[in-house]
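Let's start with one chain on its own, the form predicted on its own, as structure tokens.
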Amino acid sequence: MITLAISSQKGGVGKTTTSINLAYAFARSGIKTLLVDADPQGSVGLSLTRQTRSLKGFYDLMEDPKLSVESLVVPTRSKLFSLMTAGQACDYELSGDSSSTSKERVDAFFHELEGLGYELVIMDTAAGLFNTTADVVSACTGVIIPQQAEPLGIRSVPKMLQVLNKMRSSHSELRILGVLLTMELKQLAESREAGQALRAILPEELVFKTTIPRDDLFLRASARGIPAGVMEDGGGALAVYDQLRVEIEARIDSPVFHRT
């Protein structure tokens, strides 16, 4: 089973949009995928299911490991695409609990999901690498770093990579898959230049070739509670996230992604 964390140093960079649409792209390709909302703000749940405020989810499980993981999974219209909300116990994250117990619960969570037959789990995390978020990221196969294509945001990327590299010193299996430029406005010079600046300061392999454009399609899809690719005019979004999916598959040597 492959586990991917979508993580960033700051909020508002497109983590949830990336998580939702990338999970959908993988499910469409035939991979049994679970999208987990590990952000206490509950953005995934608010985007994809109207009952999110009444559903238990990830943080309830972290608080009470006796809960059944399977009972927390919310099916979608796609048999290969399911989700799990952040749940009702989001104050677990706010309590500052980051301990060996927390790490053990995250590991047990992934182990149980593998037993349920999931091939890919995508974790939409809170901004920053603190508390449970740090435990989630360190337990994952790889981490993807969305970053808005604007000058101020680009400056925070090296610090984020520095923290992740320190984390890898004690979690050697964690792979930094790359920085994903989001909300790019190609017609705006500042946006283009921000992307160029990032590519200039980082190794080529640390920046995805795929970029996510700024498009009101994502806002309209969120309002309807569906991935952008499901929209009537979502063909472009499907193509962009399929391209990103292919890049990710090429960076991870796993039978999950390379089945004959």
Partner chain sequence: MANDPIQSWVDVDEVKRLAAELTAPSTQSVKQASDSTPTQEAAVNAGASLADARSKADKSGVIAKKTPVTPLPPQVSSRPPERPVLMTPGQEPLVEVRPKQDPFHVRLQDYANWLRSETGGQGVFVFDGHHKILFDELDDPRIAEAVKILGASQQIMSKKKDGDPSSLCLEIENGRVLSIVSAVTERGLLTAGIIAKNPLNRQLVEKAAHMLEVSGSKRDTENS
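The term rigid core refers to the most C-alpha atoms you can superpose between the two forms while keeping them within 1.5 Å. Numbering follows the first chain given and starts at 1. These figures come from a predicted structure and were not determined experimentally.
The protein also exists as the form predicted in complex with its partner chain; that form is not presented, and the subsequent description refers to it.
S.K.: Could you spot which one of Ala127, Leu116, Ala108, Leu188 gets a heavy atom to within 4.5 Å of its partner chain in the predicted complex?
M.R.: By the 4.5 Å heavy-atom cutoff, the listed residue in contact is Leu116.
S.K.: Ala194, Ile201 and Thr211: each with a heavy atom within 4.5 Å of its partner chain in the predicted complex?
M.R.: So, yes: the whole triplet contacts its partner chain.
S.K.: Would Ser82 count as a contact of its partner chain in the predicted complex, using a 4.5 angstroms cut-off between non-hydrogen atoms?
M.R.: Although its partner chain is absent here, Ser82 would touch it in the predicted complex, with heavy atoms inside 4.5 Å.
S.K.: When the contact criterion is heavy atoms within 4.5 Å, does Gly11 count as touching its partner chain in the predicted complex?
M.R.: Contact with its partner chain, no.
S.K.: Given that the partner is absent here, does Leu164 sit within 4.5 Å of its partner chain in the predicted complex, heavy atoms only?
M.R.: Yes - in the predicted complex, heavy atoms of Leu164 and its partner chain come within 4.5 Å of each other.
S.K.: Does at least one non-hydrogen atom of Ala134 fall within 4.5 angstroms of its partner chain in the predicted complex?
M.R.: No, no contact at 4.5 Å.
S.K.: Aligning on the rigid core, do we see the C-alpha of Leu174 shift 2 angstroms or more between this form and the one not shown?
M.R.: True for Leu174: a C-alpha shift of 2 Å or more.
S.K.: Looking in the predicted complex, are the Cα atoms of Asn131 and His171 closer together or farther apart than here, the change being 3 Å or more?
M.R.: Relative to the shown form, the pair is closer.
S.K.: Knowing the Cα distance between Ser172 and Asn131 changes 3 Å or more in the predicted complex, does it shrink or grow relative to here?
M.R.: They are closer; the C-alpha distance drops by 3 Å or more in the predicted complex.
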